[in-house]
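Below, in structure tokens: the form predicted alone, a single chain.
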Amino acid sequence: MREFIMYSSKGATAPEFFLKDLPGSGGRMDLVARCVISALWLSRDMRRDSRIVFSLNGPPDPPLAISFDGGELERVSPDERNISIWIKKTLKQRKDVGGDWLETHKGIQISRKSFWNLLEERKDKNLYILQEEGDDIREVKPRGEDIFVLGDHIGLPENGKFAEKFGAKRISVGPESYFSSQSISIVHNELDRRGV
């Protein structure tokens, strides 16, 4: 299972964002939706071996974590609007959730876990922080059962300096600065080429 954890610094924690204006209605939920698409879909199929968890830290009710699991997901299509509809439905149940995961739809779960909780739970696994100044992914050679952590357009808390605390390695996906969704696609491509 490939897993991606995305830190969304302004990600909406209530369903009040507008589907007709995802970039402008607060929380940049368009970025979150694009990352879900990159993590879980191929051209004609779904990646059943992938999961993405995003940590939402924007107003009015942070923190919240939402998970989309490609191995379980049903009746969700790979477009920003459809993904955002499912996120809105999930956020409507935020008042019913605590520290455990609550399944709101097949393959979609919500929790009150913070970004730090998500990393702490995975500290015994191979964690990779995607950052421009990291080691080249082609030199590091992740194995495919690893966890890749990335930020949104603002970046990660503390500029990723927490990496050492969780035993994470910093890796770079290339010589340029890429969108988060593009970085996910590049990681998939590297692992697909290795057959892992």
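Quick note: we count residues from 1 along the sequence shown, nothing fancier. Just so it is clear, the structure is predicted and the values come from calculations on it, not from any experiment.
There is another form of this protein, the form predicted in complex with a further copy of the same chain, and it is not shown here; the text below is about that form.
Worksheet entry | a further copy of the same chain: the contacting residue among Q182, T13, S25, S9 in the predicted complex [heavy atom, 4.5 Å] | Filtering the options by heavy-atom distance leaves Q182.
field: in the predicted complex, the one of K89, K123, K106, R81 near a further copy of the same chain [non-hydrogen atom within 4.5 angstroms]
entry: Result of the distance check: R81.
Quick one: I37, S177 and N189 and a further copy of the same chain in the predicted complex, is every residue within 4.5 Å by at least one heavy atom?
Yes: each residue has a heavy atom within 4.5 Å of the partner.
Under a 4.5 Å heavy atom criterion, is K141 part of the interface with a further copy of the same chain in the predicted complex? No, no contact at 4.5 Å.
Against a further copy of the same chain in the predicted complex, would K165 count as a contact residue? Criterion: heavy atoms within 4.5 Å.
Flag for K165 set to no.
Exercise for the section: Tell me, yes or no, whether D69 is in contact with a further copy of the same chain in the predicted complex, where a contact means a heavy atom of each within 4.5 Å. Expected result: D69: no, not in contact with a further copy of the same chain in the predicted complex.
So, I129 and a further copy of the same chain: in the predicted complex, are they within 4.5 Å at any heavy atom pair? No.
Taking a further copy of the same chain as it sits in the predicted complex, which residues of 18-50 have a non-hydrogen atom within 4.5 Å of it? Please list them. Going through 18-50 in order - heavy atoms within 4.5 Å of a further copy of the same chain in the predicted complex - the hits are L19, K20, P23, R28, D30, R34, I37, S38, W41, L42, S43, R44, R47.
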